[in-house]
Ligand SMILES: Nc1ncnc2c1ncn2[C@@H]1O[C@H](COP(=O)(O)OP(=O)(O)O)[C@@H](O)[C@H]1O
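In structure tokens, the next block holds one chain alone, the form predicted on its own.
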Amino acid sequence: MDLVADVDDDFVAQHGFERGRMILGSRAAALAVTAELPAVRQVAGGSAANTAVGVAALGGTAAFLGRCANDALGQGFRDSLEAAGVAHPVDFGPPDPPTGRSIILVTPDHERSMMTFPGAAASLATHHLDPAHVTGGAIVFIEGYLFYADDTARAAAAAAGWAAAHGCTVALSLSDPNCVEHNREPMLDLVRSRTDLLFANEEEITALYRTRDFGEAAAAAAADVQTAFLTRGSAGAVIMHRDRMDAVPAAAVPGGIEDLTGAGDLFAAGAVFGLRRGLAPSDAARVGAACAAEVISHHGARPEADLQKFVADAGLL
């Protein structure tokens, strides 16, 4: 679950957050910051869950596999998936550790800085997975945050292995620059060994390939995966596919930007949905850009508008 609050830059600095990035926080630290948050908005979030919700909102079929505690936040999280039309084979553990939460601080320039206490999510292990969850031809989407814990990293690798064995497409989101910097070797191994579709922003992809040159990082990604979707904020996105580089502009944001949370998650939702509809990668990225524009036009990391209509009105599907 996400706990979202509007704050000033001083609040971000005083509480040890890294501007524009995600840091892991202990249970004590997360509770201490929560106690000082002004006007908290509690909304269901989670990177891969947001992507699944976006796919369902576009009219696709999606399921989210993860772990919550059997507590109020966990039940609320599962209810949010059900309301969004996402299948939810969520495993409920005991009340302790509690359901994970991410504290999201949004500054006046709309940047978001996050402290995440994974809680029960970090206890997801390979034995919680069921090969029946991976159906032939599906896109299995893995978020990079799983690499912060050994059990979840092994679960991610197992899911990717099952996906490959069942003729599925494996998609990986690098999730966050800090995540890449702390877990580079296992993430790069999964990119090179199992990943078909790679999603990353500019900071994440340059961190993965240890270069400051975006073009160099993009070329390296193209050599490792079938298709790489590399987002660059207001500069749009670059898509690398079969030695071809395409640039896609950012979509106009209705009413202006309110909160950047979820932009990458919804971009991924639009892109994977577009690919399943048979679009070329660059056209799928345009769907992703439109979905990202919708989610950053309001607070929260999940769409509020009719996403199917929003994309159709843009002439994209």
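The first residue of the sequence shown is number 1, and the count goes up from there. As the structure is a prediction and not an experimental result, all values here were calculated from the model.
As for the form predicted together with this ligand, it is not shown, yet the points below apply to it.
Student: Could you tell me which one of Arg210, Arg154, His182, Arg232 places a heavy atom within 4.5 Å of this ligand in the predicted complex?
Tutor: Selected residue: Arg232.
Student: Quick one: of Ala292, Ala62, Ala49, Val272, which gets a non-hydrogen atom within 4.5 angstroms of this ligand in the predicted complex?
Tutor: None of the other options qualify; the answer is Ala292.
Student: If you check in the predicted complex, do Ile257, Ala263 and Ile296 all have a non-hydrogen atom within 4.5 Å of this ligand?
Tutor: Yes, the whole candidate spot contacts this ligand.
Student: Since the chain is shown here on its own, which stretch among 245 to 253, 37 to 45, 66 to 74, 50 to 58 would lie within 4.5 Å of this ligand in the predicted complex, judged by heavy atoms?
Tutor: The contacting stretch is 245 to 253.
Student: Are any of the heavy atoms in Ala237 no more than 4.5 Å from a heavy atom of this ligand in the predicted complex?
Tutor: Because a heavy atom of Ala237 falls inside 4.5 Å of this ligand in the predicted complex, the answer is yes.
Student: Spell out, yes or no, whether the shortest heavy atom distance between Thr206 and this ligand in the predicted complex is within 4.5 Å.
Tutor: Flag for Thr206 set to no.
Student: Answer with yes or no whether Arg112 is in contact with this ligand in the predicted complex, where contact means some heavy atom within 4.5 Å.
Tutor: Arg112: contacts this ligand in the predicted complex.
Student: Quick check on Ser102: any heavy atom within 4.5 Å of this ligand in the predicted complex?
Tutor: Outside the cut-off, so no.
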